[in-house]
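Given next, in structure tokens, is a single chain: the form predicted on its own.
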Amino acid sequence: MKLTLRPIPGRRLAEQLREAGVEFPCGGEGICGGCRVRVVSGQIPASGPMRLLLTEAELREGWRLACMAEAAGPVTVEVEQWSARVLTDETGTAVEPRRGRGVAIDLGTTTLVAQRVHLETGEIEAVETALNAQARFGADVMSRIQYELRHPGELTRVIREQLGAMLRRLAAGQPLAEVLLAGNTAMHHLFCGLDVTPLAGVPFLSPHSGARRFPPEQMPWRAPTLFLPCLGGFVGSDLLAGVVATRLDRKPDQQGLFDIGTNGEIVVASRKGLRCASTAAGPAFEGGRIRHGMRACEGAIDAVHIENGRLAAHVIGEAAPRGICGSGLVDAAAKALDLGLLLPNGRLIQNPLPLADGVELTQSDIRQLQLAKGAMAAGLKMLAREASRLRLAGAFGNYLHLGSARRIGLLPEDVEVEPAGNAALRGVRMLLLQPSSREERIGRILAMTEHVELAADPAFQDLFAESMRLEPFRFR
């Protein structure tokens, strides 16, 4: 996609690129290289920070970082606008019939899914999906929190406007009876317009994590709206909805629900109740801060296998490779370990490691993977050692190749693991369709849940360091 911009007095070109939809994965800090654009005509000077993140060959080809872009005259740039695979859910559920139509929304850090539901039959009548427009201010929740602290209220406006447009299309001129939303704690605060300062530093606990109700006149879609409560800390209502969907609150045996993403969330059930925790992985599993990282869409390497003793990549859409997404990153590391091209300590024997034409893994990419998987694995070891079954929530867990995840030590070898689909969306829809028992169910889940603050436990830091190694692990 090409974009032509002209200088506006008093405004930087980077601001125009952001408003046009170019995403700044690290929030515009110039540290990840994920907002590359290629100059087609005009001039964008290569700044010092650009020269640290881009090779001389890339600079000669016209690549620049959008977040630092400056231009004295008109400029045309080529922008790779990627769409992501968005996981929806159409599983049937019990219905308490009432008149009208409602909407269930899974407000993710990366993607949004909204379903229009017939409240009398439970039928899903229409679905809207999109990339979260907040992503251009930062790929992960901490980047967005820092942006919100500098620009209070802007991210709230952006997400409400985006959802407003989606719901207008969904409603198709008909009134909506009710809208329910779930999301992680940062998304909860940013949608609700709450102060995110408590989420910016240890102990990451906010006094405003409860359910939030909005009357019709406060929302662009003019319907009563409920954002479901968070479970605690950075464990949001997406996991609460996941508990509802998987009936984890009604299963006394040791089972866990694990949402792998920029913010890893874990909840484990036992006869004593539920325990939950979160761990910040960063955006590596979404392709963020990876040299050739991208979302799971056409042109992304989503799988890697060994062919004749060499790495061979599968590309989504059978197109020319443009980058690598999270599942491909995990696969590539696992297969590189098998071939001896990567050591368990994370050192690449060949740096960079080519995967396909124009796509390679660097030592820095492996470091980002180690940090992400180390945080996730350490969280599991702290909370889920007794679990006999682990269900993976969300899109990444659905597309992840389990053998590779076990090979690098992201998931344990001795626990049954299976995808749970979009459990958050399914749980929101279940609560939307059962209004009379909703408050009692939510209240009971909150009462039986203990939030564990991993960052405050000295043992977590030791486990995190241990889990940085790329090798399998077992609970028992």
Partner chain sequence: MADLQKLYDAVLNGDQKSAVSITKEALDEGCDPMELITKYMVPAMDEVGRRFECEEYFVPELLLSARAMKGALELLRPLLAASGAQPAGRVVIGTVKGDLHDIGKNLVASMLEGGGFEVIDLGADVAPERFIEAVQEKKADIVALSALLTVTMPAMRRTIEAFEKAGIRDRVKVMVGGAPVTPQFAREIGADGYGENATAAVALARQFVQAAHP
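Numbering follows the first chain given and starts at 1. Note that the rigid core is defined as the largest set of C-alphas that superpose within 1.5 Å between two forms. Just so it is clear, the model here is predicted, and its values are computed rather than measured.
We do not show the form predicted together with its partner chain, though everything after this point is about it.
Peer 1: Could you tell me which of 221-229, 114-122, 193-201, 299-307 sits within 4.5 Å of its partner chain in the predicted bound form, going by non-hydrogen atoms?
Peer 2: Flagged stretch: 193-201.
Peer 1: Would all three of 247, 257 and 416 be in contact with its partner chain in the predicted bound form, where contact means some heavy atom lies within 4.5 Å?
Peer 2: No, none of the three is in contact.
Peer 1: Closest heavy atom of residue 347 to its partner chain in the predicted bound form, within 4.5 Å or not?
Peer 2: Residue 347: yes, in contact with its partner chain in the predicted bound form.
Peer 1: Check residue 206 for me: does it contact its partner chain in the predicted bound form (non-hydrogen atoms, 4.5 angstroms)?
Peer 2: Contact check for residue 206: no, nothing within 4.5 Å of its partner chain in the predicted bound form.
Peer 1: Is there a heavy atom of residue 274 no more than 4.5 Å from a heavy atom of its partner chain in the predicted bound form?
Peer 2: Result no; residue 274 lies far from its partner chain in the predicted bound form.
Peer 1: Even though the partner isn't displayed, in the predicted bound form is residue 146 close enough to its partner chain, meaning a heavy atom within 4.5 Å?
Peer 2: Contact with its partner chain, yes.
Peer 1: Considering its partner chain in the predicted bound form, which of 22, 452, 468, 14 comes within 4.5 Å of it through any heavy atom?
Peer 2: Of the candidates 22, 452, 468, 14, 468 is the one lying within 4.5 Å of its partner chain in the predicted bound form.
Peer 1: Going by heavy atom distances of 4.5 angstroms or less, which of 371, 316, 382, 176 would be at the interface with its partner chain in the predicted bound form?
Peer 2: None of the others qualify; the residue that does is 371.
Peer 1: Note yes or no: does the Cα of residue 400 move by 2 Å or more between the shown form and the other one after the core is superposed?
Peer 2: It does not reach a 2 Å shift.
Peer 1: Taking 2 Å as the cut-off, check whether the CA of residue 356 shifts that much or more between the shown form and the other one after a rigid core fit.
Peer 2: Comparing the forms between the shown form and the other one, which are aligned on their rigid core, residue 356 does not shift its C-alpha by 2 Å or more.
Peer 1: Comparing between the shown form and the other one on the rigid core, is the C-alpha shift at residue 197 2 Å or larger?
Peer 2: Yes, the C-alpha moves 2 Å or more.
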